Every structure is written in C-alpha cells, then in structure tokens.
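Have a look below at one chain only, the form predicted alone, in structure tokens format.
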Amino acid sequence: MSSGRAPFLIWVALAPALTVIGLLVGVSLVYGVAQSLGAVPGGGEGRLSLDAYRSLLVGPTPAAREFWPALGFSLWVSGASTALSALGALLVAAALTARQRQPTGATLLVLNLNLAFPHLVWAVALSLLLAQSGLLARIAFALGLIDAPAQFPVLVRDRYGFGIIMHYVSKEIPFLVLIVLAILRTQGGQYDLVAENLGASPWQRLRYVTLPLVLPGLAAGAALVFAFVLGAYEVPALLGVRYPRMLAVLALEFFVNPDLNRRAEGMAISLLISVLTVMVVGLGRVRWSA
C-alpha cells in the first residue's frame, strides 16, 4: 500500500461513523439555532428574530440580569476547576513516577475507581460529607471543635461555588493523572534521569523536563474538562445556590418554563455556551501551539 493512499483509506473507514455523528450534531445544531431564533412549536407566530439574544445580552431585561452573573460565575467555576485539576494531576503524576518508579496496581485501581462513580453520585456523597448538617460537621461537634453543626464552614451550596469546584477537582484529577501517566510511560525516564545527574532539583525536573513532555496531552485533557464543566447541569444544580447559577442550570430553567417564549432564551444560552467553549478551547490551542 502506498503512503499516499493510507490517509484516504483511513477517511473511508471512518466515513460511516463520521456520517452518523455529523447528522446527529448537524440536525441538533439546526434545531437549536431555529428555536433560539423563535421557531418554537406552538409558540405563536413562529417569526424568526434575534429577540432572545437581545433579551440576554442587552437591555435591562430580567433575562439579562440573570445571564451576565451566570456567565461570570460559570467562567469562574470552569476556569478554577480546570486549572486546579491540571495542576493537581501534574503534581500527583510527578510524585507517582518519582525516581522512575511505575505506579502500582493499587494506585491505578484507586484512580479508576474514582472515575467509575457518576458525577451525580459523587456530588451527593460530597453533600452528605461536607454540608453543615453532614458527617464532618457532626464529627466536629461531637469532638467539641464547634458549638453547633451550623458553625461548620459553608463548603457546599455556597455563593462562590467552592463546593462545585471541589467536586470537579476531586473527579477530574484522576482523569488527567491517567493521561499524564500514559504520556510519561511512553517517554521513559531517561530525560528525568539525565536532568537529575546534571544536578537538577525535583522542582527543576518538573518545570523543565516533565511539564514540556506532558503539556500537549495535559492541555488537551484540560480543554475537555473545561468544556464538560461549563456545560454540566446536575452538579451545579445539586451543590449550587439559587443565585448566582451556572449557565447550564439557567438554560434548562428557561427551556422548561411554561412560557414558550422563554424556551428561545434557554436555547440561546445553550448555543452561547457552545460558542464560548469553542472560543476558549481554540484560544488555548493557539496559545500552546505558538
């Protein structure tokens, strides 16, 4: 087989799967755009317009008053969760591979076990553990560390989203660690060994050897984490407060509103989430490929 035909045959082999995915994504995108422009079944005239976007982005409308705080809150939670997860994964992977030791089967089992828990189940567990009426608050009260469970720090359902961030960091670090470990396993330990023989400290080896080796894969994994967190609904709905809310929670509330005209605003928020995700991931790719 000639080398020139290999890419063509690969695309031919992928064509059935790409066709199905393209149809599903394309139809969903067209349907979403149409609804955001006002083509809501049973919603009145069906006239296409940008009223939903104007209501969200400009003007002193109730939708705009909720959208902009939700946008800032979503970017804060998504950015903080992604950055802390990537940093934690890098440090954990570096510690697990220190002095060229391969992670044990028990360590990999713990990492995979965390990934096996659905996000909703993990969020419920964190709520039962960290809430002011949760297990840790009751233990602290029993030990006399606090006078009442209500004095326990607010770690979930707080207005700054710390509970949501803790959830995603604890879930996404194992995911990113497995990516980093896979990259380091293919690279071998010769680079780190040479740097150590030249007198580099552990921090210098992490900064100048490990990080450049894993950065492309870690950046790709971090982009997946950011996109997932920005568009996720169940965890912010369970661990978040009424105000501010993340965009996905706000979008669903608008979409299921009995007023069918609000459905266009909910779909518009969903499309804006997609556009924002593509922009952030695209900027990240340009930054790291430069």
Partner chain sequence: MRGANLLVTFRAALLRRATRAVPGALCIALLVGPIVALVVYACSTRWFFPQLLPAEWTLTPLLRQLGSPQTRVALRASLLTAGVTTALALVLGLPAARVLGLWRFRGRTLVLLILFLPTVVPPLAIGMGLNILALRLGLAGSLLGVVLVHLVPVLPYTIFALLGVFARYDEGYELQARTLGAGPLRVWFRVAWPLLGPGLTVAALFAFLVSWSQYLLTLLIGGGRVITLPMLLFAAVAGGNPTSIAGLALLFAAPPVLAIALAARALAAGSAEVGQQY
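Note that the structure is predicted; figures quoted are calculated from it, not measured. Residue numbers count along the first chain shown, from 1.
The same protein has a further form, the form predicted in complex with the partner chain, not shown here; the description that follows concerns it.
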Worksheet item: Would Phe175 count as touching the partner chain in the model of the complex under a 4.5 Å heavy atom rule?
Response: yes
Worksheet entry | 4.5 Å heavy atom contact, Arg185 to the partner chain in the model of the complex | yes
Item to complete: Answer with yes or no whether Asn114 is in contact with the partner chain in the model of the complex, where contact means some heavy atom within 4.5 Å.
Response: yes
Discussion item. So, Ala142 and the partner chain: in the model of the complex, are they within 4.5 Å at any heavy atom pair?
Written reply: yes
Worksheet item: Can we say Ser28, Val121 and Ser274 each have a non-hydrogen atom within 4.5 Å of the partner chain in the model of the complex?
Response: yes
Item to complete: Tell me, out of Ala64, Leu252, Val241, Leu37, which residue has a non-hydrogen atom within 4.5 angstroms of the partner chain in the model of the complex.
Response: Leu252
Worksheet item: Ok, Ala93, Val77, Leu218, Leu126: which has a heavy atom sitting within 4.5 Å of the partner chain in the model of the complex?
Response: Leu126
Item to complete: Please name which of the stretches 68-76, 192-200, 208-216, 166-174 has residues with heavy atoms lying within 4.5 Å of the partner chain in the model of the complex.
Response: 166-174
Worksheet item: Taking the partner chain in the model of the complex, which residues of 229-261 have any heavy atom within 4.5 Å of it?
Response: Gly231, Tyr233, Glu234, Ala237, Leu238, Ala248, Ala251, Leu252, Phe255
